[in-house]
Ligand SMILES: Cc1cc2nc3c(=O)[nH]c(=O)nc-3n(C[C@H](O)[C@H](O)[C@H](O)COP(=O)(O)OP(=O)(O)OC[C@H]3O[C@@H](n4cnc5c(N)ncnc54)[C@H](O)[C@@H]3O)c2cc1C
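First, one chain by itself: the form predicted on its own, in structure tokens.
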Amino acid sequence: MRAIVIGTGAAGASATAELARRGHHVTTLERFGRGHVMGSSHGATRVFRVSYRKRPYTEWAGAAIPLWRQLEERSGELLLEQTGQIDHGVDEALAEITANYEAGGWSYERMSAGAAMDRWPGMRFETDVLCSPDGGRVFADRTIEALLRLAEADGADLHFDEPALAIARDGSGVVVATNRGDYAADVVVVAAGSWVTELQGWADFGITLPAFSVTEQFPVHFPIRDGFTFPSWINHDDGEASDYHFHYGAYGLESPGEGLKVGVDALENFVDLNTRTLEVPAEAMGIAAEYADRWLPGVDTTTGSAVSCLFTMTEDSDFVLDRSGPIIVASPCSGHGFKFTPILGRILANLAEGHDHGVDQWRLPA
């Protein structure tokens, strides 16, 4: 089978590596350079967790763990560290996560706010805390490069600085036009991240994309004060009775060599991809510092550094993973997709080979 993959973020790199591993002829097109910082998959670390309010994500995160270990064995790289992860915040979130832990047989501990502050004195809590030993962190840049190296070793043809511009029918297959020429294939995996709507030719395949919004988020790394350590964590907040009005609340994790990474969902910062500068607004630094002053006494908020990262959001924060004819749309984004990287490759390769992934809600609009 001839396959084209558009994009080398988490989904695209994993699909490329898996399709090549299965012996398919793979051409991958990336509009930027290798290891670029323009999308959603760059940076040192991401939270890994099985703690989800929606059960399919808990199931898939759990299924991803052995695949992370297989990827580590193949690449010779440490990619997943299960250093522990906690959730705190609104009662409804904790109840839903607990139900999913118990349904899946996952180990967890529920503790009071006081007990949690005794264990992690660098943090403050106002609610009970759920602690999962299966969570932790994954190493993002390292993972992408490992996947690309494995794909190349298995014969994948990687094209950088070559944006895909349009897709069109080519008999039962598809042709992809770029700034350098045309490429024909039996199937195309479109894992273009925030640029998915800029690709021309969807109507030629009768595909209607869901509504995507693209925001620019600015996680901040604060120095960790001596003597403090942190788990990976999620602070769930539904935007009621709070100083902050989050979609997901806030998150953080220790990022080795960088400090404590803190992300606060408080900016509706919609972005024009064609004019984006990567400049971090002072407001973003201020919001993160204000949050950390309240919740994270173990960090120094007088200094810090922030990075720009794109969130490609669906209206319900669910993924889009579906096939229509020779086109596979892969948007496992909405700010929480990286932990699924190795299982995404399996899913997308299965779709390319004509199999289903069995999750009804992660589909293109009918």
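We number the residues from 1 along the sequence you see. In this text, all values refer to a predicted model and were calculated from it rather than measured experimentally.
This protein has a second form, the form predicted together with the named molecule, left out of what is shown; the following refers to that one.
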Quiz item: Are all three residues W195, P219 and F311 in contact with the named molecule in the predicted bound form, where contact means a non-hydrogen atom within 4.5 Å?
Solution: yes
Self-check item: Heavy atom contact within 4.5 Å of the named molecule in the predicted bound form, the stretch among 159 to 167, 122 to 130, 69 to 77, 88 to 96
Solution: 159 to 167
Quiz item: Are any of the heavy atoms in I328 no more than 4.5 Å from a heavy atom of the named molecule in the predicted bound form?
Solution: no
Quiz item: So, in the predicted bound form, is G12 in contact with the named molecule at a 4.5 angstroms heavy atom limit?
Solution: yes
Quiz item: H36 near the named molecule in the predicted bound form, any heavy atom under 4.5 Å?
Solution: yes
Self-check item: Touches the named molecule in the predicted bound form: R31 (any heavy atom, 4.5 Å)
Solution: yes
Quiz prompt | Contact residue in the predicted bound form, chosen from G298, G304, G43, G337 - any heavy atom within 4.5 Å of the named molecule | solution = G337
Self-check item: The single option of L199, V174, I287, V214 touching the named molecule in the predicted bound form, heavy atom within 4.5 Å
Solution: L199
